[in-house]
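Next up, structure tokens for two forms of one chain, structure 1 and then structure 2.
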Structure 1
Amino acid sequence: MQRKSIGNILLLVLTLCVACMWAFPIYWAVITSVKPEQEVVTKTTFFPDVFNFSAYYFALFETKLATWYVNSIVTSIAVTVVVILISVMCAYALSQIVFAGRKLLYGIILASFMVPSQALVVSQFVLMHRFGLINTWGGIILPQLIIPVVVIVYKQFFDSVPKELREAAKLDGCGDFQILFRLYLPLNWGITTALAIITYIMAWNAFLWPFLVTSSEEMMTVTVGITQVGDAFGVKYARDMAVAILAAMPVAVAYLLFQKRVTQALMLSSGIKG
């Protein structure tokens, strides 16, 4: 019994140490953002001598952070809504409707996991250029709409629904769209919410594709825009930290509010059955 309590204490101490190691960079970023620039470059202190919020004033009023916020919100919401709609319909068809090539199509979706998204950026860029979507919301959104894991998670759920439920709805005169949106989808609102949250966070954090497809600051998302914050006289560490904190804040708040749903989505996506 005594050994067990000692083990629990050691585990608690280890957990606290790991938590402190994880939280320290966040603490350092916040502290750096409220220091005067001169103190940042001349002193290494764990607490500022004077609190200075000029870096936040610069980030809010002398950059295009508000525009970048709007771009990120619009594109992230659009990606989330379209991904969920496309994925749920695709998964329903693969799970409940018998048609030629169904297994082949599902195999292609599974095989797409082996293709890194970075390998597609050149062909995607050429395609967006031909469509005239470079430096537009559409150009940012379209290549992010294919997320195979969402289709697979939905399909696993639909496979678990008894076939008799669909047959009974068919006898009552319901079509497949009615069955999907009025019967199947309400059964898995928890899964849908979890997948929507994780998809939104992924779209918000996307950097490589928005960086490639946008060229004007007015169309940049937050993750791309913060890389454009600079100064002719060198790096301003407090300003950079303030902009980074403001850029990350919406996702951090969303994660804290929907922590259980995000964890559920990660468990679903990592525990997929073949």
Structure 2
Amino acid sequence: MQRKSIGNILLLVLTLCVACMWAFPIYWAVITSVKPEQEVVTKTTFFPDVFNFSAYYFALFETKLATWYVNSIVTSIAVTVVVILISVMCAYALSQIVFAGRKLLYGIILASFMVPSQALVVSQFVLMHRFGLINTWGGIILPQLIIPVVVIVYKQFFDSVPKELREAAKLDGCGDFQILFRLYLPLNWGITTALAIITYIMAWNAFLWPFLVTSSEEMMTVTVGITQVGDAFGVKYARDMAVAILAAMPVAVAYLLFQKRVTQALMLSSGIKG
């Protein structure tokens, strides 16, 4: 029932225009970052006359970006691995093993959806201080480890695995840990990748908590660190844009490579089955 009409073509053109306008600030940032600082403020060109990478040179070698990268990579990967690991085990127990307090535990996890973690920053800071973890990787990582939705999504997926599989494995003498890591996890590999990528993106992008818990420039993550560059060196836009692009690179690449997984995870965590 294709209705090829002028109306349809107009709508298509309109859609493309809006999409280009929407993405324009990102394009503008990329283009600005490869212009010489002089050109940035003297003329408005939509494409640079010559490509100039001095802003990137500055960002990479004259700021602490490399250190912030290390901090971000270490903390984001640690958050991702630990979140997946502790959530998958808890979800398996909740889904497959009958034990006292199971319903209660699941109810509590469901209810924690409602708790805004931002409201907890003061008491989490006090706690991390008591542990001596201010300005450490541990301090950045720990409060980010509880993501109730990961447990809930895993539980739902484990619930739908046929019971016979687990029983057969039990008869073959497998323990629950073996069943989980050799059978249930590989069966749900797709959802694991999805949850891992989205957790990694969220951890990399986290701002408020890393901002509060790190005060030394050596310990900052990329997202927090890049806000310091302008302060220390005055406003220079080509440089700021180069820094911003480098900071966004690891999540942008992860998204572009795993688009489907990212959207799947987002839909699952908002309650719409993807």
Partner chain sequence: MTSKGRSKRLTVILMIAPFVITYLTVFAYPVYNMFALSFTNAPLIGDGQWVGFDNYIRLLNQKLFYTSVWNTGYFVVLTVAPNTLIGLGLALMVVRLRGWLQSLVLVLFFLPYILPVSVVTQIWQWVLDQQFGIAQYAIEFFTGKRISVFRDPLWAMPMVALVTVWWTNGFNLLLFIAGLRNIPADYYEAATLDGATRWQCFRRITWPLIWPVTALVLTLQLILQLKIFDQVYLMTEGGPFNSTYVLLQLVYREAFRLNHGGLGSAVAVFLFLIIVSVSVLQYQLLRVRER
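A quick note: this is a predicted structure, and the numbers were derived from the prediction, not measured. Residue 1 is the first residue of structure 1, and the numbers go on in sequence order from there. Take the two forms, find the largest set of C-alpha atoms that superpose within 1.5 Å, and that set is the rigid core.
In this comparison the chain labelled structure 2 is the form predicted together with the partner chain, and the other chain is not. Comparing the forms between structures 1 and 2, the C-alpha position of V40 differs by 2 angstroms or more, with the core used for superposition. L14 shows a C-alpha shift of 2 Å or greater between structures 1 and 2 [criterion: core-superposed Cα displacement of 2 Å]. Superposition on the rigid core between structures 1 and 2 places the CA atom of I31 2 Å or more away from its counterpart.
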